[in-house]
Every structure is written in structure tokens, then in C-alpha cells.
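Starting off, we have a lone chain in the form predicted alone, written out as C-alpha cells.
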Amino acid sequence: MRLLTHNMLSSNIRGVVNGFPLRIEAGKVVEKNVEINGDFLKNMFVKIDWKAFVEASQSMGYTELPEEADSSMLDSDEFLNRFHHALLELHLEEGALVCPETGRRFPVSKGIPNMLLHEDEV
């Protein structure tokens, strides 16, 4: 699971008010090379919750992102490369996503998060 996906997921358990961001418990993280596309990155930047993105990347062992960012930084090749690496090249292969409100763990296996809810959570 890429951090691009993680930044779009939240816990939909019945009664949960604050289901975002899901905390990452990383078991196995792999890096997969992806060709960089500056236009794509610039379009995605405005859709990313930066604070959640930085915390997620740190939980996967990547600490090269600034704590705060704004669109003016998109003119920097160094920033774009770091953003690209965290967003698209880091993959959570094994681990879990944890609801910030309930502590419910959603397993991630072979890079696929299992977000299915139990009957009593719907």
C-alpha cells in the first residue's frame, strides 16, 4: 500500500467521529521504483493532508520530508524527489492501520489493507 492510498483512507466504524489519519504499524516496508511525473505530483500536492503524510512516512522509516510544506516548494527538484519517493515508492507490504479513535487494527497483507468491518461495527 502506497502512502498515496493511506492519505485517502479513514476508519468508517459506526460512531467514529475522528477516523483519520489511520496510524501505521509497519511490519515490512519495500521500495519500488516509479518514474517521476512532476505534473502528477503538483496536482496531488493540494489533495494531500501534509501532517498525516509526514507522520505516515516517518512511521515507515522515511524522515526526509519537512514538517510543513507549501506549493512554492514544488519548484524544487529536491523536494519533488522526496515527495515522489514517499508518496509513490514506499510500500507498506505487511503491517496494520490503526483507527485513531477506537484502536481497531486493520491488517495489511501483501500490500492490501483489509478495511472490512465486523457486523457490530457497521
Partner chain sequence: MASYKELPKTAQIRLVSSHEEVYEPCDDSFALVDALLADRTKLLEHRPMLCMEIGCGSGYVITSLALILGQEGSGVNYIATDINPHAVRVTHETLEAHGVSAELIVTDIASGLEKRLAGLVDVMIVNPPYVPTPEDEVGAEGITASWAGGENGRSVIDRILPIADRLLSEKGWLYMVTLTANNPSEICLEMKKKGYASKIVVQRSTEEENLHIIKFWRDFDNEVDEINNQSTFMGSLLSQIPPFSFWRGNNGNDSDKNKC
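It should be emphasised that the depicted structure is a prediction, and the values quoted were computed from it without experimental measurement. Numbering follows the first chain given and starts at 1.
Keep in mind that the form predicted in complex with its partner chain is missing from the display, and what follows is about it.
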Within 4.5 Å of its partner chain in the predicted bound form, do we find a heavy atom from each of 29, 51 and 54?
no
Would residue 69 count as a contact of its partner chain in the predicted bound form, using a 4.5 angstroms cut-off between non-hydrogen atoms?
no
Given that its partner chain is not shown alongside this chain, does residue 98 nevertheless sit within 4.5 Å of it in the predicted bound form, heavy atom to heavy atom?
no
Is residue 76 one of the residues lying within 4.5 Å of its partner chain in the predicted bound form, judged by heavy atom distances?
no
Just checking whether residue 63 would be counted as a contact of its partner chain in the predicted bound form - the rule being heavy atoms within 4.5 angstroms.
no
Using a 4.5 Å cut-off on heavy atoms, which residues of 58 to 78 contact its partner chain in the predicted bound form?
none
